[in-house]
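The chain below stands alone and is given in structure tokens; this is the form predicted on its own.
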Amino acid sequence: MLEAVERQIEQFVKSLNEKDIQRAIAKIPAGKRLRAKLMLEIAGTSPSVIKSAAIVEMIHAASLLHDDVIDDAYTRRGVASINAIYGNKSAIMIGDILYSKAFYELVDIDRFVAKVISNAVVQLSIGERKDVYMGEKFNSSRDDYITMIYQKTAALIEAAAESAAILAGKNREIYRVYGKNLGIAFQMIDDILDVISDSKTLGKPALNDYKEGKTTLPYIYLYEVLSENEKQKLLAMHKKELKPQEQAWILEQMKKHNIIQKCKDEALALVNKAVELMQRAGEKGLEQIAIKMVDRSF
């Protein structure tokens, strides 16, 4: 029923009565629609669920538009980003329009759902700001990293699961925890893929995070095991265009110290907790979503 969510998004956007905005928004890649999939699996396909899923996906799209401007990213999922096509100012304003329209439609859904999703957007915005200022220097704190990715990425996935449970009359706490664990693991896997995947698969340059100043989990764990001289070498590459030999050195050190497997194991532990919750709740579909999310190449 993802098609119904797509149609709902189109209807929301069409109701703006702005053809140029419709054309611009149509160029945003749909992506995996993970948040919508979770909501449909948890709560079914009633009109309120379809609308809520569309609202959450619009919020997610708005956050990505702003993210691409902040990161000076000119591709998104292998195609030109909205800021690359229309410029930064238009990308920011289109993001604002999506946010505003989403909140306008949200108030008609459910008071408790509105509070859950609105709070997630607050967390998302705080997380985005943390991501920016944490990128000013090398971050060696795993705890700071986990807090940031929870706020920036996991909070909206958590909210999608919890709000769907509210609409379905299910135990919201169980699904909230499921969504939180899944969301943190999802971002961990994304950060791992930035290190190990090629540019064609990613739709953006490989090892791009480190060039942008993002000290993701693989780099934090690598830093911990390097010698003092090697630590200084890694720090000297932070926020710089990496030469092929520098990329090769980072990958070699990651392999030598088994860093990628350590990060995968940590993500898998979170997914296993999410799966256990859904097994107890009898949610086979949500088990499979969690498992497939970890076992992916992009």
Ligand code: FPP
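Residue indices: 1-based, along the sequence shown. Computed from a predicted model, the values in this text were never measured in an experiment.
The form predicted together with this ligand is left out here; the points below concern that form.
Chemist: Looking at Thr147, Ser125, Asn171, Ser197, which is the one with a non-hydrogen atom within 4.5 Å of this ligand in the model of the complex?
Modeler: Going through each option in turn, the one that passes is Ser125.
Chemist: Counting non-hydrogen atoms within 4.5 angstroms of this ligand in the model of the complex, say which of Ala43, Leu64, Leu34, Met254 makes the cut.
Modeler: Looking at Ala43, Leu64, Leu34, Met254 one by one, just Leu64 meets the 4.5 Å heavy-atom criterion.
Chemist: Flag this candidate site as yes only if Ser48, Lys115 and Glu158 all have a heavy atom within 4.5 Å of this ligand in the model of the complex; otherwise mark no.
Modeler: No, none of the three is in contact.
Chemist: With a 4.5 Å heavy atom cut-off, would you call Asn139 a contact of this ligand in the model of the complex?
Modeler: Looking in the model of the complex, residue contacts with this ligand do not include Asn139, since no heavy atom lies within 4.5 Å.
Chemist: Would Gln187 count as touching this ligand in the model of the complex under a 4.5 Å heavy atom rule?
Modeler: Answer yes; at least one heavy atom of Gln187 falls within 4.5 Å of this ligand in the model of the complex.
Chemist: Just checking whether Ile192 would be counted as a contact of this ligand in the model of the complex - the rule being heavy atoms within 4.5 angstroms.
Modeler: Ile192: no, not in contact with this ligand in the model of the complex.
Chemist: With the cut-off set at 4.5 Å between non-hydrogen atoms, does Thr215 touch this ligand in the model of the complex?
Modeler: Thr215: no, not in contact with this ligand in the model of the complex.
Chemist: Work out which of the listed stretches, 174-182, 150-158, 104-112, 78-86, brings a heavy atom within 4.5 angstroms of this ligand in the model of the complex.
Modeler: It is 150-158 that comes within 4.5 Å of the partner.
Chemist: Pick out the residues of 272-290 whose heavy atoms come within 4.5 Å of this ligand in the model of the complex.
Modeler: Read in sequence order, no residue approaches this ligand (within 4.5 Å, in the model of the complex).
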